[in-house]
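Just the one chain here, the form predicted on its own, laid out as structure tokens.
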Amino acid sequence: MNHPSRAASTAIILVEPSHPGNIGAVARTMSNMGASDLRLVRPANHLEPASLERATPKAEPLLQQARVFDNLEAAIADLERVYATTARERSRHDRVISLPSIMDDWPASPCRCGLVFGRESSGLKNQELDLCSRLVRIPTFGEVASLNLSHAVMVMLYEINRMEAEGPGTDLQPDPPAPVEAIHGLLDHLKESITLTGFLRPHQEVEIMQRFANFFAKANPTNLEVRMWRGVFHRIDLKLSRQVSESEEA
């Protein structure tokens, strides 16, 4: 490719890949498509001969440089938009998009993005999906909905590169999207604040926080907007703290 590849700034995150050969095949796919940031969450040995053989010599450096993490949250902390692949219908999520729609959702301005791929046997857990900005379904037309790991990576990277070849979008954001870590911090602060107000009851906690997580994932707030929301929650905390102090002194 003669033009810069958007895939070059996209991280590929594999969660608990169990077959070294699959990891090597993903590295080869990344080398084909111009991606170089490979992140592994609790993987099988990605430097086994089977992995190196599937990668081919040109993609071996990707395996050697791959970063290994203990959990998905740590692997995506520095990213600003994260797309998780899923083969199943997810009725509890309202941030599911099909693969062609990723062209409309991908940030037009420079952004650190990641593609998350789940376990070969069982995909991603609900708690892991909750950490991601969007859930992407790759349409299939046969009886089997799931794809081989390296095939799924290839299809996603191809779509990203095809999108870039057709030209960048025009809806640029002057303030970049907030990193995933900042969104998680915002949700933690929100949970603390609304718990203090009495709004969040223990038996409703999971469902309500899921709805808030979906809301902020769809909103894709910028750094400035996250700071604004946290400022609001900080003022709520201060107000409640003063009220408690005044009632104790009365």
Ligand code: SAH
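Since we're looking at a predicted model, the values are computed, not measured. Numbers for residues come from their place in the sequence shown, where the first is 1.
The discussion below concerns the form predicted together with S-adenosyl-L-homocysteine (SAH), not included here.
No residue of the trio Ala11, Leu40 and Asn71 has any heavy atom within 4.5 Å of S-adenosyl-L-homocysteine (SAH) in the model of the complex. This chain is displayed alone, yet in the model of the complex one of Val96, Ala145, Ile102, Cys111 has a heavy atom within 4.5 Å of S-adenosyl-L-homocysteine (SAH); that residue is Ala145. In the model of the complex, S-adenosyl-L-homocysteine (SAH) sits within 4.5 Å of a heavy atom of Val116. The shortest heavy atom separation between Thr85 and S-adenosyl-L-homocysteine (SAH) in the model of the complex is within 4.5 Å. In the model of the complex, Gly123 approaches S-adenosyl-L-homocysteine (SAH) with a heavy atom inside 4.5 Å. Although the partner is absent here, Leu149 lies within 4.5 Å of S-adenosyl-L-homocysteine (SAH) in the model of the complex, judged by heavy atoms.
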